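Only one chain is included here, represented as structure tokens and corresponding to the form predicted on its own.
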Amino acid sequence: MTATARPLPVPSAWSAGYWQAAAERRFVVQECKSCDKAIMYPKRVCPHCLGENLGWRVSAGRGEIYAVTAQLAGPPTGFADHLPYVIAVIRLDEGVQLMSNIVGDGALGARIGDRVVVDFEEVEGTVLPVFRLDAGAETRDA
């Protein structure tokens, strides 16, 4: 079996700031300067007030797992070399959600409610935000 290239994000005009920050290993969340709400994923206009005065705020990149699954077999095109891997919906402390991978020690044991912290992974010259279990955080069962 021949490995195929992993699909990578193509920044748009309104997401370029997010990807530029990631390339610098900084995690940012889009914000509306009219209503002061956080926005994820980057958009052209604020989904809360339809304002167009958008910017970026630095995020600590901390949150908790809202949903999680592990891909153990039958990966989509471009991900065969990454099996097994973990995909999660993460609710950031800023109140917005995004989908990302959970990587590192214990990733396959990740559960809903586990605390995570952002990290960065370079793939073919593109830096992707990924998350690791926050070893310093209390677990949901603690």
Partner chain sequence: MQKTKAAAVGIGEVPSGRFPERSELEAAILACRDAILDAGLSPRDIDVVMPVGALASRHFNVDLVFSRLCEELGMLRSAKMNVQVMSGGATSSSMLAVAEGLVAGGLARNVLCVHSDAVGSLPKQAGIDLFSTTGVSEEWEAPYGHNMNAVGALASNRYMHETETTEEELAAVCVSLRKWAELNPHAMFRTPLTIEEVLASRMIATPLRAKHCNMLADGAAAFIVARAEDAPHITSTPVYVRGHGSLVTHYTVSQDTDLARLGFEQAAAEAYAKSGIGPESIQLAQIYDAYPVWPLITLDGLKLCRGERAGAFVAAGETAPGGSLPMTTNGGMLSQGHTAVGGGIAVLVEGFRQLMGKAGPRQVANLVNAVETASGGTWMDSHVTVLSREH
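Numbering follows the first chain given and starts at 1. From a predicted model like this one, the values you see are computed outputs, not experimental measurements.
Not pictured, yet referred to below: the form predicted together with its partner chain.
Q: Quick one: does Arg115 come within 4.5 Å of its partner chain in the predicted bound form, counting heavy atoms only?
A: Looking in the predicted bound form, residue contacts with its partner chain do not include Arg115, since no heavy atom lies within 4.5 Å.
Q: Taking its partner chain as it sits in the predicted bound form, is Gly61 near enough to touch it, meaning that at least one heavy atom pair lies within 4.5 angstroms?
A: Gly61 lies outside the contact set for its partner chain.
Q: Is there a non-hydrogen atom of Pro42 within 4.5 angstroms of a non-hydrogen atom of its partner chain in the predicted bound form?
A: Pro42: contacts its partner chain in the predicted bound form.
Q: Although its partner chain is absent from this view, report whether Gln97 comes within 4.5 Å of it in the predicted bound form, heavy atoms only.
A: Output for Gln97 is yes: heavy atoms within 4.5 Å of its partner chain.
Q: Is every one of Ala23, Gly106 and Leu133 in contact with its partner chain in the predicted bound form, taking contact as a heavy atom within 4.5 Å?
A: Verified in the predicted bound form; spot residues all out of contact, no.
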